[in-house]
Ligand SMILES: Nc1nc2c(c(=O)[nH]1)N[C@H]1C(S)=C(S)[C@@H](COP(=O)(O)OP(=O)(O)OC[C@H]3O[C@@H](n4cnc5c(=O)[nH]c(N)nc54)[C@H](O)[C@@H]3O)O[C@H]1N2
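First, one chain by itself: the form predicted on its own, in structure tokens.
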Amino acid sequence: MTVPTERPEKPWQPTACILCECNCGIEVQLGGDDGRRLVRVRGDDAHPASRGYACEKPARLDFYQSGPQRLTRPLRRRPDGSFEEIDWDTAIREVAHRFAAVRDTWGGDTIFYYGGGGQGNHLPGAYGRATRAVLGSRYRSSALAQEKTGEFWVSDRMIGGFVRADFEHCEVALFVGKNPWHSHGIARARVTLKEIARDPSRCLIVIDPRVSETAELADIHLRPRPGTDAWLLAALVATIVQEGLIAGEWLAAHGAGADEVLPHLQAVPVAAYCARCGIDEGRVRETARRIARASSVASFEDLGVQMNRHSTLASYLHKLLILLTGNFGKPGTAYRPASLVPLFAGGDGGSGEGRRSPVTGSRIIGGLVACNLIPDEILTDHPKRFRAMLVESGNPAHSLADGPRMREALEALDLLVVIDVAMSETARLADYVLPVASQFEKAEATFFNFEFPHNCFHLRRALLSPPEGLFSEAELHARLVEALGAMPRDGVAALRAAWQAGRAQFRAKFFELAAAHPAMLPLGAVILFRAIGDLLPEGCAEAAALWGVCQTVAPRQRKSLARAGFAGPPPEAADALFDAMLDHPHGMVFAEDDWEECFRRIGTADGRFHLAIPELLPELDGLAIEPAHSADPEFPFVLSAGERRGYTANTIIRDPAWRKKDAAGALRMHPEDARRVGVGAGGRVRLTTRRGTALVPVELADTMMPGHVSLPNGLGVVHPGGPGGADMVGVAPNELSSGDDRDPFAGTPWHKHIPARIEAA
């Protein structure tokens, strides 16, 4: 008799979730008929930041990895608009030739780059820089310019860099236009929120017109009328100033410009501003006092205000709230994290004062052209208009404001090349589509390293080999640089030999070559990939660029690295850090900070907080005389487009079957509004804005204010064979938004405040 043996359980392999910026560590089991399906997913207990935490979303990651719209061959557009498959040698040769022709005829600054790092997909940005350098491409943008550049501009002017906050140890947690229950943004978000809510000595404050999942946990929920966040924040800050609750001694030691800004806040009519946003004055004042008297306040602003009216001013008032109460540089408050790669890039310090876009002359903040202005930089006869575009890990035809005009601009280009894993809306407009390995078929990482005091980095190895014929962006950009005749082959060979001889020899050879050939440095990532990528541990080839990152971070963050165990002279610390990245598949702590380090990282010229931003003070004063927004009778509703819900994640997962809830992406509206329109739950309405019209099902939600409706993000993408045989499920919010509705300083769109009309369908 044969005794059946149990089939051994497949091993759990570490990787990370790619569906939000937190990139929580997860473990997966592979299986399925071909052994390539992500059949089981769980939180990774060994990950130093997430520590086993995971929300519901990563369990559905196989819908990304095994999506039926996966591309496996390069595509070239035919004259009739259809696509044909071509071989890689042809694709690389033709793409390089056509980009070079644009460069040589019109200048490399007419070649625009969009993307370079989708969610959890940041290493391609390093390799793409090499291709851009060879082409002379100066201008770029990404999704960050759709959301965060107003905050970047304010933070750079006031603090000299980006800040985050310590929610694990704060007495008061404040979320402004943010629902971390779904949008996360802080480590172990739901665990942390529940801990704050359960502790009677702590206080959770939420500013949001909607009763979000986070607001339901809050001790104080302030619900401003949509679009009035600036008045509410001004009332909170003014109360603190007018009632003498500012941290005077602390500001005297660390601040500058108080004498310039405080008179403006003294003049704020708090009662009138509270009435403007529809909140009782007493409640606003009590909230301000709770913030001012707390031993520590951690706060976070997000898209609810950053994609809304007066968004940059709201970011400024939020930062004033932090600094005027002294909530920086101590446990439970704001901090300046150690960074592997600075979040601000582009040589302008983030402020946007040094560079302007070539056609509209708009601020370039953090190296990024405002997304709303991209069509204006193309659809013109200006000699320096953008004529060619390389899109990588992005989908601007779908994800940027005013989709129809964005598509018009993309179609007007002389050349559009898209690098992606699937046939996105942007890829459908391209001249060439270059498919690449998925995020689980190559080494990958995120540079959103914001933890404190233990800051983490996770290099995740490839779980799978790519399908036959595909490779990573690192290989793709190396081939493009070679086709453009810019790869220093002798230098690559010399570096390869030096690596095999030893680290000291390799480092010496690299810097010797860089000194002799300064033009080599912008190509450093692809040179490193060619020289040592295949010599690194299996599944780590794309990590080659991190060797260069370690060389720059070791002298810049010397003390923090030493506290994390990477001591010694910078060259030795850099090598130790690089080895640790390769040797820790579950992630590792690369920096240990103390709170005093935050003050040493203040990046202003004098090392002090600059409380006054002169460009924003007239807008602050103007709130007092700005006419109250009255709904246009033709468009009486306010639409918030792009709400994050339990099963939304931009367009990274295209198959609608991944959503267990709200599969069709319902329009949420208050029951009173639904009765007035004449529609019930599940009924359909015609949603119209000044830019477009869509049919959408309705979800009744008393969590919404009357007159305020919302649509989720991530829907309205083409996916043949969706529910009911439909090719498109849900509404693409940017078919309804206008590129003209944007912040005057940063150009960020007002997606959370779109005038709309709703009629029963």
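As the structure is a prediction and not an experimental result, all values here were calculated from the model. One-based numbering along the sequence shown.
A second form of this protein, the form predicted together with the named molecule, is not displayed here; the remarks below concern that form.
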Using a 4.5 Å heavy atom cut-off, which stretch among 510-518, 578-586, 490-498, 413-421 contacts the named molecule in the predicted bound form?
413-421
All of G367, V685 and E699 with a heavy atom within 4.5 Å of the named molecule in the predicted bound form:
no
If we define contact as a non-hydrogen atom of the residue within 4.5 angstroms of the partner, is P733 a contact of the named molecule in the predicted bound form?
yes
Contact label in the predicted bound form: V305 to the named molecule, heavy atom within 4.5 Å:
yes
Wondering, does R563 line up within 4.5 Å of the named molecule in the predicted bound form on heavy atoms?
no
With a 4.5 Å heavy atom cut-off, would you call R36 a contact of the named molecule in the predicted bound form?
no
Only one of S339, S362, Q551, T651 gets a heavy atom within 4.5 Å of the named molecule in the predicted bound form. Which one?
T651
Residue among T287, N327, S399, S155 with a heavy atom within 4.5 Å of the named molecule in the predicted bound form
S399
Taking the named molecule in the predicted bound form and a 4.5 Å non-hydrogen atom cutoff, the residues of 33-72 making contact are K57, Y64
